[in-house]
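To begin, one chain is listed below as structure tokens, in the form predicted on its own.
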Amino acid sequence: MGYWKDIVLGGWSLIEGMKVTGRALFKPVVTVQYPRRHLEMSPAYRGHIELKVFPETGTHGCIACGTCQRVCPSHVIKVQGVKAHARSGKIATHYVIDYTRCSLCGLCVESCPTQTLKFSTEYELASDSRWDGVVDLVLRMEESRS
């Protein structure tokens, strides 16, 4: 009796699998032939963080307060800034982040008092070296503008 039961169960499993395959056969294709075709990311996509460029000033608004550095649970952010004058506020000169250790939790974006951090829609950050993931966002922003 066990022999026939196994045959019936195996046949039923095969029919169920063919039904799934048949349904998927007539659905539109949802995958993309990457890297020949690229996806347009939705606005809800949360990639790595980057500095926001404000159109009024033409630059970022980071004041190097270090809030993002303190709230980062992975401790991957280092911010340095300078004061142009003794009474002026700081301006970030280096904003270094290690993308290879960043957990993309977004606490830095939420805690930024000047709203100068945002999530990028870029998703192609693969590289051969671990050190390619350590990026100075100020330098990167200046390079992308030129």
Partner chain sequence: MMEAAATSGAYWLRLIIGLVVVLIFSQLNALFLVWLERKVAGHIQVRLGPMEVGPHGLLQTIVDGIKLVGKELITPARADRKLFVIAPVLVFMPVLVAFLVLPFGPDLIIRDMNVGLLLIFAFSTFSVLAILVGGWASNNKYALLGAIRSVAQAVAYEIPLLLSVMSVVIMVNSFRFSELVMAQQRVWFVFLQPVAALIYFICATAETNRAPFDIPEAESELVAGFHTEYSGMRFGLFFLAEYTNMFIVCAVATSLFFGGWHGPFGFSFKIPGVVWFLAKTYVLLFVLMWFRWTFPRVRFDQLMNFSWKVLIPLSMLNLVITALVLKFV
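Nothing here was measured: the structure is a model prediction, and the numbers come from that model. Numbering follows the first chain given and starts at 1.
Heads up, the form predicted in complex with the partner chain isn't pictured, but that's what we're talking about next.
- Although the partner is absent from this view, residue 87 stays clear of the partner chain in the predicted bound form, with no non-hydrogen atom inside 4.5 angstroms.
- Mapping the unseen interface onto this chain, residue 127 falls outside it, with no heavy atom inside 4.5 Å of the partner chain in the predicted bound form.
- At a distance threshold of 4.5 angstroms between non-hydrogen atoms, residue 28 is in contact with the partner chain in the predicted bound form.
- In the predicted bound form, the partner chain sits beyond 4.5 Å of every heavy atom of residue 9.
- With the partner left out here, the partner chain still marks one of 87-95, 60-68, 30-38, 74-82 in the predicted bound form; by a 4.5 Å heavy atom cut-off that stretch is 30-38.
- Against the partner chain in the predicted bound form, the set 123, 135 and 139 makes no contact: no member has a heavy atom within 4.5 Å.
- Annotation for 4-21: interface residues with the partner chain in the predicted bound form are 4, 7, 14, 17, 18, 21 [heavy atom within 4.5 Å].
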